[in-house]
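First, one chain by itself in structure tokens, the form predicted alone.
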């Protein structure tokens, strides 16, 4: 392997499936997707590893399939992070500009950023992301305050944190495959990067990624992620509702959801029926199509209501010029964008990845993994400019040791 070529893996260990993409990174500046692997997830509930052996077996199968498909070994992994244990808070700080001529220096910037990130976490928690919001200099937004003149410099961070043991479980699943984890990336940030444009994020957009066991969201303003969050409800809950409501096995309910589920009630004729299997064999049964839609749409509506409630005062419809973008496997349900638009009172659409992405990877279920590769490309480019790898401290240094 050329010293200028690196093979990075994007791994999403979801409740329903494990997805792996491999990117060939050349000279830290260009990336080609050369491998893909996928496996039904096991031992994972609501984004958290519950059975380490089962989760490891499924993940390693997906990694092996991707490596076999690419014909290479992965050098490092960018790992999606989700789960109901994740939480976040906002903290800000301000400093007086230190120079006599009131010109902002790099020291001023470093000081205010350090103070804004200094809020202590409870025991057993660790930082996943410190997401910086735009600087303010004497009250006005500035993307880069260095060398500007002012008296008061302010900045705030949205800090995402999670349980150390749950994050460690995910990392150790990958380390069991004898490959290091380069970085953890929040699922909502990974997918949000792929299905929105820089203009969307500048104008204000809410990305909602509905997976199997969780729903992740990221709210953007002024080009930055202002707020993120996770709720422990996803597509598998629609399946469970159908199973209970129609007295079906989980497999039968999943089949009906995929074929006839909807985010809104579309069928008006209560007498219209659909077949479970459609083969008219023994055991095949009919169900009212409207009943299926009522069950799935009720849960979809609830998911959006919970997200809206968790956003609280952060959700201001007038600031979401780009509306809502939906992604994740469950976003493929017919009528789901219409449901989101009604709940939030703004425009909503299904997310689309950039046109240069291979047609085989344009399914909403791949948006997170594609976003991980995007982060991997940018992290490598930053490291190349700095001439060194990113620094790893504290809890991470213990996890990455000997990886």
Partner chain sequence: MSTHANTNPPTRTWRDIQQSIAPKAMSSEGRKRLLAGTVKTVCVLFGVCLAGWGVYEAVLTWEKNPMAIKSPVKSVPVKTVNLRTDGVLEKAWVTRTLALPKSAGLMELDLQVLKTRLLESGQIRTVVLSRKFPDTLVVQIEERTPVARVRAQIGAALPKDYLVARDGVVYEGLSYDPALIGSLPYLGDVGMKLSRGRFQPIEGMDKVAELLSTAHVNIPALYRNWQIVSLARYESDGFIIVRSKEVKEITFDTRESDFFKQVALLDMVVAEAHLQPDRPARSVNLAIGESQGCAQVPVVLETAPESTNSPNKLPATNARPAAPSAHSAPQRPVLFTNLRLNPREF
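Residue numbers count along the first chain shown, from 1. As the structure is a computational prediction, the values presented were derived from the model and not from experiment.
Unshown form predicted in complex with its partner chain; subsequent notes refer to it.
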From the candidate stretches 261-269, 294-302, 140-148, 126-134, select the single one in contact with its partner chain in the model of the complex, where contact means a heavy atom within 4.5 Å. 126-134
All of 42, 158 and 225 within 4.5 Å of its partner chain in the model of the complex, heavy atom check: no
In the model of the complex, the residue from 205, 238, 74, 86 with a non-hydrogen atom within 4.5 Å of its partner chain is 74
Sole residue of 218, 210, 307, 182 within 4.5 Å of its partner chain in the model of the complex, by heavy atom: 182
Mark residue 167 yes when one of its heavy atoms lies within 4.5 Å of a heavy atom of its partner chain in the model of the complex, and no otherwise. yes
Quick one: does residue 177 come within 4.5 Å of its partner chain in the model of the complex, counting heavy atoms only? yes
Using heavy atoms and a 4.5 Å limit, would one call residue 250 a contact residue for its partner chain in the model of the complex? no
Verify the contact flag for residue 274: yes if a non-hydrogen atom of it lies within 4.5 Å of a non-hydrogen atom of its partner chain in the model of the complex, no if not. no
Within 4.5 Å of its partner chain in the model of the complex: residues from 80-104 (heavy atom criterion): 91, 92, 93, 94, 95
